[in-house]
Ligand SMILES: Cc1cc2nc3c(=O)[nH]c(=O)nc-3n(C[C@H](O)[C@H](O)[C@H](O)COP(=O)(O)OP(=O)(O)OC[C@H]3O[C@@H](n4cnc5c(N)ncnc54)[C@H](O)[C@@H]3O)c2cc1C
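As a starting point, one isolated chain is supplied in structure tokens, in the form predicted alone.
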């Protein structure tokens, strides 16, 4: 399941070309390749480098959507929460959510309880085929005393208690996305990152089968290799625009108005010191302020992961950054829920941020918070552009279902009417590297910790590798066996367990092309706080021979990566006088 950046594959004809390597595009490619279609996925940046890596780190049903009566979206999401979890048990875990209720809560306490109950009913099949570790307990009420014992930092004033329910922690969204991408590649898909679709290959329609002589038919895409500047023309029978927040921008090169718009919503998260102290709180808390605003406070990697915001965004997706207003919004909200005696979270406590743009469906008269999280598949044929589809809306948890819906539509179209697909049911297919479909990962993880003790890796590091890579962790151990220096950790930071072998594997087997690809979406180190110059230099020293960098090129890229990270942080962090 090696992801290779083989540009010679651009010369091949394809049945399906997917533009966009977020979770939606990856799932479309997986569905298409699984059915035997010749499939190409191209991504302008890195796989999952946009919104798909800036989530709240949950596969969830969207309990909040019940407030806007999105019952169908919630039901689909809960169904897919189960499917994705069973596909990769080593990368997920069930997490208890606590939804506190105060006397002033809106919705009121009884309504919150009704919502939690309905959420459980809509997830009626959550435990089907699930191993014990992934089973979802029944929701229940937690008294005020028990709630404060679990979450001592909550403001007790007028607090009544909390409703407890469960959702699925997507521990490392970047790794889970790669696991599904590897599954697509194993089925035969070609996946190329840093390959931007800059135009479409078109020809006039022939006027037959109900088409107009002014119509055009898409026959492929023109792509720009953003690493070399070279352009390539790729031929394909169908093209799927899975650009997410960039979806409407991908279409501009056609020079035709297709009536497709994106309602962009900005969502940021803060990674902070653990509220209440390390290891004190193990539950995820739905923290609602009297202002009506709320955030999710989730314990993650010995820190608190807090968010998201949900604010309209008019800037181009490439230009969106976390700013000071975003940070203040989250800090004000979470600090208003803290009990007296607990230090408020300040900018000094922030170790990192993420930002994503939700590509929402446009609904007149609704702001981004109240806009539906449903998805829409647009066939542009009725608008005069044939063999081209675009995907709007959607969310991480429903990516698989959206991929299936898209490929079924492609196969029903005249563009692929001669294709005989093979049978494929992705609801029962393990993700790449999974130890087994719908089986408890713990026995496999225990065995991984015991194996090859002679390599000198700590049990914590071996478990870390097994949780991130599943069955593929053996290939990393092979690298260490051949070259023991690759067993060295890339950081002496507490809790950062990445080793040099992961850098090698990221480049040779996982399509990483830049230091950011490695740090932020192959290893864990880039997701757990500020990365130091020494850590970046350590990673670059391992990567340099594989990328063909001499000492000067290596140092230049280290400085560029440091500057990139500093520039992002400088936008939101107010300088200390």
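This structure is a prediction, so every number in the text was calculated from the model and none was measured. Positions refer to the first chain, counted from 1.
The following text describes the form predicted together with the ligand, which does not appear among the structures shown.
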query: 34, 182 and 435 all contacting the ligand in the predicted bound form, non-hydrogen atom within 4.5 Å; finding: no
query: Interface stretch in the predicted bound form with the ligand - options 508-516, 544-552, 531-539, 48-56, non-hydrogen atom within 4.5 Å; finding: 48-56
query: Residue 405: touches the ligand in the predicted bound form, heavy atom cutoff 4.5 angstroms; finding: no
query: Residue 195: touches the ligand in the predicted bound form, heavy atom cutoff 4.5 angstroms; finding: yes
query: Residue 246 within 4.5 Å of the ligand in the predicted bound form, heavy atoms; finding: yes
query: Distance check, residue 356 to the ligand in the predicted bound form, heavy atom within 4.5 Å; finding: yes
query: One residue of 410, 295, 218, 268 in contact with the ligand, assessed in the predicted bound form (non-hydrogen atom, 4.5 angstroms); finding: 268
query: The ligand: the contacting residue among 89, 236, 100, 308 in the predicted bound form [heavy atom, 4.5 Å]; finding: 308
query: Members of 1-35 lying within 4.5 angstroms of the ligand, judged by heavy atom, in the predicted bound form; finding: 19, 20, 21, 22, 23, 24, 25
